[in-house]
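The chain below stands alone and is given as structure tokens, in the form predicted on its own.
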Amino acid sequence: MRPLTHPSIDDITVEGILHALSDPVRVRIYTQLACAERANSCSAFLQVEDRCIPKSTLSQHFRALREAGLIRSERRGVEMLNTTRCDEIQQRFPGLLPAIMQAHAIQSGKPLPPAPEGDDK
């Protein structure tokens, strides 16, 4: 099993973030992870909105998000648990992620899920 690589916060770029979030499925996955109260497994996203996502495609989406530095993935047994790196990215690029997610919500006509209480991600 290959080890998971996560870029350091200094290696995360705006271009990488924009590329990773240019796909509508990835931006919805990221938005759901950002609004979640706990880590989510990849299998929680086999259906995104009304689309069934094959496991192999889903793996590629999570890899793109991880390599862009947007999420942190951790193996737990047979599951892969994923969390966002919102706080780290907010410190490096203040306001970038909320602006991207809000713009996507406006474009798609689908409101963002509410953030958990006390969470300003």
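Keep in mind that this is a model prediction, so the values were computed, not measured. The numbering used is simple: start at 1 and walk along the sequence shown.
The same protein has a further form, the form predicted together with a further copy of the same chain, not shown here; the description that follows concerns it.
Using a 4.5 angstroms heavy atom cutoff to a further copy of the same chain in the predicted bound form, all of 14, 21 and 95 count as contacting. The stretch that touches a further copy of the same chain in the predicted bound form, counting heavy atoms within 4.5 Å, is 86 to 94, out of 86 to 94, 70 to 78, 57 to 65, 31 to 39. Along 91 to 108, residues 92, 93, 94, 95, 96, 99, 100, 103, 104, 106, 107 each place a heavy atom within 4.5 Å of a further copy of the same chain in the predicted bound form.
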